[in-house]
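Shown next as structure tokens: one chain only, the form predicted on its own.
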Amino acid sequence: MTRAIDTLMWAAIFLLIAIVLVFAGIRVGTDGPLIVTGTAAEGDSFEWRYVTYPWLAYLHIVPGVLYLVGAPLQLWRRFRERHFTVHRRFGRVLLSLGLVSGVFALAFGVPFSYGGAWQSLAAAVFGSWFLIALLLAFRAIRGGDVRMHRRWMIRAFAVGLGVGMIRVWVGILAGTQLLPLEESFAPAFWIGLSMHVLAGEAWLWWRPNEDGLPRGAVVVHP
């Protein structure tokens, strides 16, 4: 049962990362020619924000994608145990990438949201939670508290991974014509990111110890 849940969890993680990579590629393919040639996007288009404020947008997107791609390796217990020094050094890199992405998520996502004020509020709430989780994870490991470091890093990763779930919900809401595309973004942000915050807490309840074992498992330390 535990192995099946682990398999489903990792499959969901890689699927959501793949969704983020696909949409990041679409963004670069769409925005890149306009940015390079200095061509202005239409004033009411989705691309307008990315083309008009490329530094803000891509200092969020690029570090965020790198963080999401690298974080699963850090959360893989076998990798931590076998390559602890690499884990520590790579962790510093990922923490820096996450902090840069989170700061620019606020700088870009709050004032330039496509879905209006409610999407801006969601970006502020969940972007702040992501940054707080990373900072508390850093403080915990600096204090030698591995268990709390793990818990806060999982919380941060859960929110970051929620970016993929946002796209899923935009597809559901707009694709089924429940809402127009622009109006689908705000509920997609709230639903998708809330799901991931709750999923992160559920995972930590089920696997509360620093070894990532299921609740009730006997932990044996050397």
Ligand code: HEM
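The first residue of the sequence shown is number 1, and the count goes up from there. Only a predicted model underlies this, so the values are computations on that prediction, with no experimental measurement involved.
Separately, the form predicted in complex with this ligand exists; it is not shown, and the next lines address it.
Taking this ligand in the model of the complex, would A71, L95 and W152 all count as contacting it (heavy atom within 4.5 Å)? No residue of the spot touches this ligand in the model of the complex.
The chain here is shown without this ligand. Which stretch in 109-117, 73-81, 142-150, 87-95 comes within 4.5 angstroms of it in the model of the complex, by heavy atom distance? Result of the contact check: 109-117.
Heavy atom within 4.5 Å of this ligand in the model of the complex: which of M165, L56, V65, V51? Going through each option in turn, the one that passes is V65.
In the model of the complex, does W190 have a heavy atom within 4.5 Å of this ligand? Looking in the model of the complex, residue contacts with this ligand do not include W190, since no heavy atom lies within 4.5 Å.
Within a 4.5 Å heavy atom cut-off, is F23 in contact with this ligand in the model of the complex? Taking the distances in the model of the complex, the answer for F23 is yes, it comes within 4.5 Å of this ligand.
Consider A133 of the chain shown here, and say whether it contacts this ligand in the model of the complex, taking contact as heavy atoms within 4.5 Å. No, A133 stays farther than 4.5 Å from this ligand in the model of the complex.
Although this ligand is absent from this view, report whether A137 comes within 4.5 Å of it in the model of the complex, heavy atoms only. Contact check for A137: no, nothing within 4.5 Å of this ligand in the model of the complex.
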